[in-house]
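The data below hold one chain only, encoded as structure tokens and taken in the form predicted alone.
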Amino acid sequence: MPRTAAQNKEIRQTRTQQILEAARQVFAEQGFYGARMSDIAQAIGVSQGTMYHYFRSKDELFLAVLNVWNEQIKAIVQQLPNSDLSTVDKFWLVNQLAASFFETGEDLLPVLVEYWAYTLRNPEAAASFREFFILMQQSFKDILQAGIEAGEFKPVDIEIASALPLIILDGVTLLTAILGKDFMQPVEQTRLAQELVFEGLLTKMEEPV
């Protein structure tokens, strides 16, 4: 009996997820330039031809892997402005997000550095990263604006201040990927840097709940 459209869709979604998971592992182990589509196909036991039914190229697959990870982070950050937490606590949660970034995405740190280099030569990738950065920054802008209006944060240049959590995170990511965790302490260094930014924003010193 022929499969239904719903069954075909489910099979395709399952296979796509398998490919993305295998690709993440292979990219993490071999890097973008070292990895081959055949390596990823072999990891999940399919032909290389099957891979191209789902992703037209290694570049497209590479960007898809990074997009899955970006979407997970973005979904969390974009929820913060509309949560029931105080503006102070919302901004403070950035520290926890940064910590989880290094705990759950450690294997992708070298891949991220390759991705940033890749964006310099690929306008489509650069545009995608810019869109991601702007969406993330907008969430921090909303939190800062609300905090300033509530008198919890000092009046600051929101355009500049809202980028700081992302600048800190990306900077520590780059140095950790290059120097290694035996030299860097990414969780602690990110937390401390963001705490100093956070404390500098407060109109009065207080401990978040």
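Numbering starts at 1 and runs along the sequence shown. Quick caveat, the model's predicted, so the values are computed rather than measured. Rigid core here is just the name for the largest C-alpha set that superposes within 1.5 Å across the two forms.
The discussion below concerns the form predicted together with the DNA, not included here.
Of the candidate stretches 151 to 159, 136 to 144, 43 to 51, 170 to 178, only 43 to 51 contains residues with a heavy atom within 4.5 Å of the DNA in the model of the complex. Of the residues given (28, 64, 184, 37), 37 alone sits with a heavy atom within 4.5 Å of the DNA in the model of the complex. Taking the partner from elsewhere, residue 8 is found to have a heavy atom lying within 4.5 Å of the DNA in the model of the complex. The DNA in the model of the complex is not approached by residue 191, whose heavy atoms all lie more than 4.5 angstroms from it.
Contact with the DNA in the model of the complex, defined as a heavy atom within 4.5 Å, is made by all three of 3, 15 and 57.
After superposing the rigid core, the Cα of residue 10 is displaced by 2 Å or more between this form and the one not shown.
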